[in-house]
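In structure tokens, one chain follows: the form predicted on its own.
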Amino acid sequence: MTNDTHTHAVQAQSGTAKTDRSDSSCPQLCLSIPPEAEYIIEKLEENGFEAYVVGGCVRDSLLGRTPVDWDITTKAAPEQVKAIFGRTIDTGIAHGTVTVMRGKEAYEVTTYRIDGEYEDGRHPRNVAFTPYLEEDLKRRDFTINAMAYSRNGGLIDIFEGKKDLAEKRIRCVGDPLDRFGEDALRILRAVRFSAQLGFDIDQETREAIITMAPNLARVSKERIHTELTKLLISPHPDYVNMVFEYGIAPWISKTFGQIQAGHARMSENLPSGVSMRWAAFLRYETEAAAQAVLKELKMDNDTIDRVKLLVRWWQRPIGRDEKAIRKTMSLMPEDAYRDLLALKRCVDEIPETPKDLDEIFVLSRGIGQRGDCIRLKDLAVTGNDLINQGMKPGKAMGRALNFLLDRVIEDPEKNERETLLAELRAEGYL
């Protein structure tokens, strides 16, 4: 802890708020805080320290949504928080965060703080604790995330976040050039929140995004792909077009910047799976280009493989008879085939009509319900059967099994052990 940080931490023990910060426009406001979070706040208050739930949980509560996390901010220094509660974890002690355990639930409790100079476009060099909640809220990204609440203190909303929620607006706290200069990831967070909530981005904030977009080149690809994924799986995936409209795309990665903006059309009816949404977004790219985009963004291999498969297949015809459908189904995992049908239903420029897709769906369901063999594991003949017939393990055995699978895909009734062995004898495999 620096000397300045220590000084502020000592001041936090006795400091008082600078102004009357409660929102007098909603005196009856009462958020439903989980009992364990309420207990933490009450214990801090009993020991003489202000405490509030803060940030996203307040925003979501005001929107009538169920918050995922309940973060707490307090005047108490980390050491004081640890002294009050028995079970704590030093989650981010250098930045004032202590995790308080209540049963199996974890609640992050962070001391009011002021961030020091940002050197890398993402993290402050140091932080200083402060006795003033207002100073803590000033460092936050957007007004809708800069509200705090407690039963005793009411709603603290010094930047009119509640008004911005009502008017469906994403607006930076203070000067947006400063906020984006401190943390360039906030550029993508603005677009992501816009997509998740269906909000517009305030003009001054939007202009700052355009100005500061090059700073994204300094942000880790993992953090970038997390924000993009949240954007794509949001209720408004088409908002990804803002990434191109505001000049953000070239600074995400080299290959991402080469995506044609007009190809970023996204349907809100598309199921919200991660692979599905990324495949829809990248569908006009070649399979190799889609892979390159995701690899540059440090995406996991399972997602990359699924996206590649969907990009490869979305414009290919499945076929309109059971034999062709079984063949297509045999070339991919069962859940990937379902994803393919869902993708085809929600994008344009595919070889099938909506009526064709309806028929394919019915036939595919029938194939599944009957249990038609479409994969080697479902063949009535196994590798052990062929060994017992005198065949040695190796490539020849693989060719024999694939030959049988092709026969069964053409005619599922042939999937009987003796019938298949007879097929192998007739073709000279045995």
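We number the residues from 1 along the sequence you see. Remember, it's a predicted structure, so these values are computed and weren't measured experimentally.
Separately, the form predicted in complex with adenosine-5'-triphosphate exists; it is not shown, and the next lines address it.
Put simply, Arg189 is close to adenosine-5'-triphosphate in the model of the complex: some heavy atom of it is within 4.5 Å. Taking the partner from the other structure, adenosine-5'-triphosphate in the model of the complex has no heavy atom within 4.5 Å of any heavy atom of Glu134. Interface membership of Arg140, defined by any non-hydrogen atom within 4.5 Å of adenosine-5'-triphosphate in the model of the complex, is confirmed. Heavy atoms of Phe256 never reach within 4.5 Å of adenosine-5'-triphosphate in the model of the complex, leaving it off the interface. The partner is not drawn, yet in the model of the complex one stretch among 181-189, 93-101, 242-250, 161-169 has residues with heavy atoms inside 4.5 Å of adenosine-5'-triphosphate: 181-189. Note on contacts: among Trp278, Tyr149, Phe193, Phe129, the single residue with a heavy atom within 4.5 Å of adenosine-5'-triphosphate in the model of the complex is Phe193. Contact with adenosine-5'-triphosphate in the model of the complex, judged by any heavy atom within 4.5 Å, is made by just one of Thr229, Asn145, Thr328, Gln80: Asn145. With contact defined as any non-hydrogen atom lying within 4.5 angstroms of adenosine-5'-triphosphate in the model of the complex, the stretch 350-387 contains no contacting residue.
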